[in-house]
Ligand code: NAD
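First, one chain by itself: the form predicted on its own, in structure tokens.
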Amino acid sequence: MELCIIGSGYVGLVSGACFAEVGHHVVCVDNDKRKVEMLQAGKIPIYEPGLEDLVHRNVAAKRLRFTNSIEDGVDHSQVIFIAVPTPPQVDGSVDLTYIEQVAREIAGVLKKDAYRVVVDKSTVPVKTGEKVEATIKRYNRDADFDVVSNPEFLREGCAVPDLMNPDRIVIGSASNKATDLMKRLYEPFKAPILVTDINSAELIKHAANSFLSLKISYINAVASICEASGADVEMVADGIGMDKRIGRNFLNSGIGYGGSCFPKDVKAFISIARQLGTPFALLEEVERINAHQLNRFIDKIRDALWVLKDKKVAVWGMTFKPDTDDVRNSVAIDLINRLVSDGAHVTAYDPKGAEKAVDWKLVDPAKVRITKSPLEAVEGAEALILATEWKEFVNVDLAQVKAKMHTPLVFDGRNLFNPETMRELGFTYFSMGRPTVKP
């Protein structure tokens, strides 16, 4: 099939590459000329395992190409995906400026003698599909089209396998013709398909991400009780997770969730509920617990080091999760900024995200020294903080880490290390929801 994806960011680029991989012909459209030129030159603007090979292979096979022209993309496609940003506004509601703009641009190039399906792939508030349809009709009364909601459920760091082998495919549609076309599009993916009305499909994404955020905040609240009682949150989570009704996924205590989806989607769902006259107080508490986790963690550091000013502190991890270079809403970055504001001398290492952190997110990059390895970061450090659970950190020789540090204090914000191992190696080890261990 012939597909157009408007927006070549994270969702658009991964979706386009995966659709091309199963045999569809895909045109990815973006209004950023520099990004399009980069993609045309074979350079990938984001890090995602497996994505670069996928893009190169399908460009070479002439199943994937990039352009700045919406007209070019729409003219050559049966299905048009909208995958543009939907950033949060100050009050937590979703800014739909880009969605509305693209809907108008699509209306301007649709031909009356060619049926098209316009698909909302971006995460949008319920009833957005109705507004997209009304906008296109307002600017093009002769167009023959249907609007469909097809939310994405990609996890950064494993987005390619998530799209190639999805748990489910949700199609929100009021048109049998559009539904049949979407089913044909997804035939190669061999996944359960749930067909709903458009409003239900739009709610599914916000409800799913908010529930996962709730699960994380729940175990973090339990972790506070574990610390106060001397229990071990990892053991408690194992016991909870063995219940098939609950499951172990997303029951990992830490310094809170971050990234481009969970914080934004929870705020958006709270705002949506408020606008519909059905306040969602439970999610407001989820946000409060999440914010409190970083405060609790920093309190541990302050209690142990007493004064942070002029202390040399090493931080491992800057991205919001491993296997990505995404530093948007990264709790690790918030942590580093807080340490710097307290006067600490921070040395930081991240396998993929350091450059973007320096360019975009660090409040004062001059006060953070970026290193080329985890061992370089801990040289002379009075404390090591683990902020992102990259697998690389598990394989570091901890005996060398201790030898290089000024004082063997480790603050593990992701419960990556085994407390007994840390005790045997001679570290004073702090984690989340587990007893502190000392040599």
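Start at 1 and count along the sequence shown; that's the residue number. Predicted, not measured: the structure shown is a model, and the values here were computed from it.
One more form of this protein exists, namely the form predicted in complex with the named molecule; it is left out here, but the text below deals with it.
When the named molecule is considered in the predicted complex, G433 lies well away from it, no heavy atom lying within 4.5 Å. The named molecule is not shown here, and in the predicted complex it never comes within 4.5 Å of any heavy atom of S200. Remark: S341 does not count among the residues lining the named molecule in the predicted complex, judged by a heavy atom distance of 4.5 Å or less. The named molecule is not shown here, but in the predicted complex it comes within 4.5 Å of a heavy atom of P85. For the three residues E105, S122 and K264, a heavy atom within 4.5 Å of the named molecule turns up in the predicted complex in every case. This chain appears without its partner; in the predicted complex, the one residue of E227, E287, E152, D325 with a heavy atom within 4.5 Å of the named molecule is E152.
This chain lacks the partner; the member of Q89, S175, Q101, Q275 within 4.5 angstroms of the named molecule in the predicted complex by a non-hydrogen atom is Q101. Only one segment in the set 111-119, 141-149, 76-84, 235-243 has any non-hydrogen atom within 4.5 angstroms of the named molecule in the predicted complex, and it is 76-84. In the predicted complex, the residues of 3-21 lying within 4.5 Å of the named molecule by at least one heavy atom are, in order, I6, G7, S8, G9, Y10, V11, G12.
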